[in-house]
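In the block that follows, a single chain appears as structure tokens, in the form predicted on its own.
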């Protein structure tokens, strides 16, 4: 009889994990308290972007994050009332904001990203249908100093088999994207990066998994975890006791709360991001844009334009702060020839799962041999989903673990 796996979480990471496990012949059940993809996987930018592999804690971020507590329009904002509650997390975050930790984290994330494009291509070959674009990623800058600094970092992707980024002058940039403002100073093109429309990816995965026989239980929250000192015995969800051979927690920002049931403290907190999706937009772009001075992003889709950004630490909630939304509108308008508009606009907020060292949590739980965790990907969930799931599947099947995977070990916080 094949092994049975329960995957908690029906976002991109959970669904990708269910895909690889079902491909290996396991019977899989996916649990989620909402419909698939209704969490952080719905309204994000959908970037498949190895070049943005740098962890969030980085040199210089201590000052900007402290400043962000006082400025509700800052790209990185900490709500003052949350400061005391997340103080231990912040202290760890700031301790990781060094040149050495940033370099180590960048190397680890770039390593994980190496198979990303190949695995996305495999999904298309296997009949999973979703909207994906191959035009690359375009950094845009108004400040020449920031442009030069980012060129140095972006060039690191060449060490992992990606083309050397192309530096673009102002004229070349405006020729490439005429709807940018003449106030831009220059850009950087990474030609192999891609982006997907996340909701179409989720729909495609769900449809494929249904066909493959994966069971879905939605509207069901995990209420308790029954565990021995060395293994998980069962989950209680929706008033029912569910048993499996393998359990995977891929519940995004809620993962840390679930592991508390078994005494495992994972410092994963919610970092809220916002996006505005304009249907039938007034602006046309070929490339996804990273507006480097303001850390706002834009993704063009078939018949739509999505603009988003910010990292807000305000607790685990879905409240939309109009000031944060207005700051995204204002920041993007500095780069566009006219403010973005459309037939209508969807305003969205989602909770990114954030770790204090800026690296995802991937692997077997420290004490429970049949419990595996895949969370903490921050803004890179879509980008890292297939590579994370493939790596986790190898771990579940007890295949040799690459030494580089140690950087993501859940036990590193114990």
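Residue numbers count along the first chain shown, from 1. Just so we're clear, the structure is a prediction, and the values are computed from it rather than from any experiment.
Below: the form predicted in complex with a small molecule, not depicted.
With a 4.5 Å cutoff on heavy atoms, residue 45 counts as touching the small molecule in the predicted bound form. Proximity of residue 380 to the small molecule in the predicted bound form: non-hydrogen atoms within 4.5 Å are present. Taking the partner from the other structure, the small molecule in the predicted bound form has a heavy atom within 4.5 Å of a heavy atom of residue 221. Contact annotation: residue 187 falls outside 4.5 Å of the small molecule in the predicted bound form, judged by heavy atom distances. Remark: of stretches 244 to 252, 175 to 183, 122 to 130, 331 to 339, the one touching the small molecule in the predicted bound form is 244 to 252 (heavy atom within 4.5 Å). Between the options 370, 58, 33, 29, the residue in contact with the small molecule in the predicted bound form by a heavy atom within 4.5 angstroms is 33.
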